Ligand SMILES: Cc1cc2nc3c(=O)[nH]c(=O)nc-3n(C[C@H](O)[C@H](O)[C@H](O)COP(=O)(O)OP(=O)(O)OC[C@H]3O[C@@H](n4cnc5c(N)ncnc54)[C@H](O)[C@@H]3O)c2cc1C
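The form predicted on its own is given below as one chain in structure tokens.
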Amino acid sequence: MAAICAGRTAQEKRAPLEILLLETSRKVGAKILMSGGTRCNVTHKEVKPSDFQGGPRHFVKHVLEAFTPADAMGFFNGIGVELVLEPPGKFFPVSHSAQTVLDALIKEVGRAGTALKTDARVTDVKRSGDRFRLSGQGDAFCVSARKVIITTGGLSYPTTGSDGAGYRFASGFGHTIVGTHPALTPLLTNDRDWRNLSGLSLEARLTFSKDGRKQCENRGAFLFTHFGFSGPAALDISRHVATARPEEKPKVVISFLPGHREETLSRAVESEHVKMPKRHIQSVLVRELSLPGRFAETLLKKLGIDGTQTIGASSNETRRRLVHALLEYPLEVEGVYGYKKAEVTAGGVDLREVDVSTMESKLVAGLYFAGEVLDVDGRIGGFNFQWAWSTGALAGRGAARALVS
């Protein structure tokens, strides 16, 4: 996006620029291809500063207003990627293939007059006079440039080429790097009962607290895995789990029935107790509360409740414990999976050291930043892509305008 917008700006001004896009890997766009279940969730219908963590909200707000989701949709439609809206507000290509998005972007890079060099890992960026010198390992290549845009991403999914080099380049120029950690990554558990439910999913609400105070709450699909928990509800809460210290007494509480309150659920269970006293407790969970059978069996086992007991024979205390567990179960979370499966990196270049209008460094003239390398991370659902499109557009335009205006 940065390369395309820089090229377009130069073309509009009829002032040709030499623009070079350096790609670490031999193949371009690995993260685009794997995103959204290989369908690429391009953006979201509504994107707000509150959908992001990290740097100052006003900075994020300004960036999102400068290149909105509507602008992103217009951009992609303009390069031949028709989008379709899916619940709860996600935009995907109608082809349902991330390859469509990647192919269109690569084609547009060429149309914008930008040269693309792959298998070009930059290992060093230095300033010399009014120019920058970028070099590869063992002097594999050397590039001289008047403007440099760092769009190296963070540390997430390192197999795609994300090695944190951008942080090293930025700190080398005096920039502050806000502590980094994995975000949008699965949660881990040592609990065998939950791990044995691998592949089972349900709607849930997760609440994270530390020192007894609620920090965040997320509702969405929740997936049991062979190592722990995944799905949007778990991924969105992971950045908080990743940074919590043991002395802060971190706690994750899950509601397996997020559409219920204690009052309504208690009423439903008591109704079964009166009307269907011979129904087994496990059957009540499955037939009346629409919970998966394997899950109901496992939860009851963990609570020490005999699922074959009839609801009519159950005690008031048993029913109370069951209701409470369904709505406020303290989930056995041991930590997060880490960068290997993290969709994004939290932390990064301090936004206070970046010009919000152009993404140019306030410390080094001619140096720009865009995307995940900055101290901003969004929740799952196209928000991090929107951040990439918005910051990329601003950085590309800013760098080009500084040269052609």
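Note that residue numbering follows the sequence shown and begins at 1. Computed from a predicted structure; not experimentally measured.
There is another form of the same protein, the form predicted in complex with this ligand; it is not shown, and what comes next is about it.
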At 4.5 Å between heavy atoms, is D375 in contact with this ligand in the predicted bound form? no
With a 4.5 Å heavy atom cut-off, would you call D193 a contact of this ligand in the predicted bound form? no
Check whether Q53 has any heavy atom within 4.5 Å of a heavy atom of this ligand in the predicted bound form, and answer yes or no. no
Is it the case that N384, even though its partner is missing from this view, gets within 4.5 Å of this ligand in the predicted bound form, heavy atoms only? yes
Residue (of T160, Q215, T310, S201) lying close to this ligand in the predicted bound form, criterion heavy atoms within 4.5 Å: T160
In the predicted bound form, the residue from L22, L394, I19, A10 that sits within 4.5 Å of this ligand by heavy atoms: L22
Look at the stretches 346-354, 24-32, 62-70, 360-368 and give the one with heavy atoms within 4.5 Å of this ligand in the predicted bound form. 24-32
What residues of 238-270, in sequence order, lie within 4.5 Å of this ligand in the predicted bound form by heavy atom? none
